[in-house]
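In structure tokens, one chain follows: the form predicted on its own.
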């Protein structure tokens, strides 16, 4: 399996994360990618730098004002008296406030869904190359028909059309899906991260050409809290083009695998030209943001099951945070996928 990754993604190195009211070190840090690369090297998987596709494919998904904020907001923020090294909002619009302000502190809240996505001096550079990584994997799939893994960091599935959130800035899966739409009439995204892909859902919620399917922790008690419920099925032209399968705390290997056939049935009924797997490894039994109890062998079985879908598939990395078995989990998923496809 071809792997795409660019070292410039590592320039994004967030420091702060608000967890249950406490400021702690961000788990979305460069060592995540280092663990992934070390594990994949053991399997002798080739790693290539992505091609620079420019900003047009990103603009095809994201709001121009939001992209301007990501590119230049840190300079404006740094000019504020007493500003912190990273942009972190202290106010967000809510259901009673709907006017975009001009002041920088208000603009930050407008373009960020939560405090989990601090913007540093090099965040745009890292996010930009993460998106290019996804685009190159999509191109590889089109050009060769073979699966590629986009080792995206920072991740993307919580990023909306015009808003960052949950460690995510550019929605890599959505950008890749839009790219694949140039070739295929229909594209499906299967998100197996422990957190609901709320940004991806939001981007495609009223479209019928991209199916979004997400298996994730029950949002009534887990991030992102306000989206990811089973009754969310799409709207307008996108009616019945979104499937959420929320699962309870403590879900293990078999419970997760037992939920996959419903996702597969939805994808087969949609009959896409290609499938993007948004791969989160944060369902691990040892993940620091623990909610599920999936083992390394469970990820292997998950990869094998997904490989059975009869469509061209690309894999795009989402969550999965530092633990002793983080790299093992990625390698197990990839090996399970490869073995099943080879067989």
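Worth saying up front: this structure is predicted, and the values here are computed from it rather than measured. Positions refer to the first chain, counted from 1.
The discussion below concerns the form predicted in complex with another copy of the chain, not included here.
Contact annotation for the candidate site: 190, 276 and 317 all lie away from another copy of the chain in the model of the complex (no heavy atom within 4.5 Å). In plain terms, the part of the chain that comes close to another copy of the chain in the model of the complex, with a heavy atom within 4.5 Å, is 158 to 166 out of 158 to 166, 181 to 189, 267 to 275, 138 to 146. A single residue from the set 73, 217, 126, 89 has any heavy atom within 4.5 angstroms of another copy of the chain in the model of the complex; that residue is 89. Only one of the listed residues (209, 206, 255, 232) places a non-hydrogen atom within 4.5 angstroms of another copy of the chain in the model of the complex, and that residue is 232. Remark: residue 122 does not count among the residues lining another copy of the chain in the model of the complex, judged by a heavy atom distance of 4.5 Å or less. Residue 18 belongs to the set of residues with a heavy atom inside 4.5 Å of another copy of the chain in the model of the complex. Proximity of residue 237 to another copy of the chain in the model of the complex: non-hydrogen atoms within 4.5 Å are absent; the residue sits far from the partner. At the 4.5 Å threshold, heavy atoms of residue 118 stay clear of another copy of the chain in the model of the complex, well away from it. Annotation for 216 to 238: interface residues with another copy of the chain in the model of the complex are 219, 220, 221, 223, 224, 225, 226, 227, 229, 232 [heavy atom within 4.5 Å].
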